[in-house]
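Same chain, two forms, each on its own as structure tokens: structure 1, then structure 2.
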Structure 1
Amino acid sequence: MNYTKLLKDYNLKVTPQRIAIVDELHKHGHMNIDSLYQVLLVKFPSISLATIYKNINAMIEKVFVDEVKIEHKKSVFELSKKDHAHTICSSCGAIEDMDFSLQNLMKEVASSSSFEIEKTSLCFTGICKTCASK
């Protein structure tokens, strides 16, 4: 994946830190800020949490990165994709993307409320197969 071109396509300044953030999100799928910080600290010993937050927020603003809010846990971040839901293991914290269209659900909510729905975030919590088999 050409991260430089991707960042430029979203009108984001290309920096080594941003390339590293995109690379880690691409490799891991979902990461919280603390995990991202620990990985980037190895590559950039002087990087600060503030720098990571600043870059993540800039990427969220450009709809390049999405924040996945998880009840009672720290948010995780992922590269933006088409609308999808998430399954989250309440035991080990594993997160998986669920590839199905949320468009019908959004239309149904819009038609039964006074809201024009712009975006949704849907998370299902349960026990993954690995934890269930223990």
Structure 2
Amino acid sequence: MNYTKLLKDYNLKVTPQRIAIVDELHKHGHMNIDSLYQVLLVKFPSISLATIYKNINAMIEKVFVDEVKIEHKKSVFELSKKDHAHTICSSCGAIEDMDFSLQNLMKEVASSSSFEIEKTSLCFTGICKTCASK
């Protein structure tokens, strides 16, 4: 993926910090502010939390980063992708994407209620494969 182009497309100036943020989100899939901060400190020993907050918020506003709110945990952030659900392991904390046809779900709901859905958020909390096999 070309992070420079991505940033430019969304009218954000291309800075090393921003490239790194997008890069880490892409590599890790889901990260909260703290883990992002820890990882970025390696490349940018003097990076500040304020910079990370400002950039994440800018990216959310440009709608190419999404926030995932999780019960009892801090929000994590991910590069926007097609509708999907999340699984959160209550044992190891791992967060995974799950292929899931939210489209069908949304159509079903739309036809049975008078609510016009714009966005759907679906999270499963439970035990992941790895933890279950222990």
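This structure is a prediction, so every number in the text was calculated from the model and none was measured. Start at 1 and count along the sequence of structure 1; that gives the residue numbers used here. The term rigid core refers to the most C-alpha atoms you can superpose between the two forms while keeping them within 1.5 Å.
- Structure 2, not structure 1, is the form predicted in complex with another copy of the chain.
- Core-aligned CA deviation for T15 between the two structures: less than 2 Å.
- Once both forms are overlaid on the rigid core, the distance between the two CA positions of T125 between the two structures is under 2 angstroms.
- On a core-based overlay, S113 has a Cα shift of 5.5 Å between the two structures.
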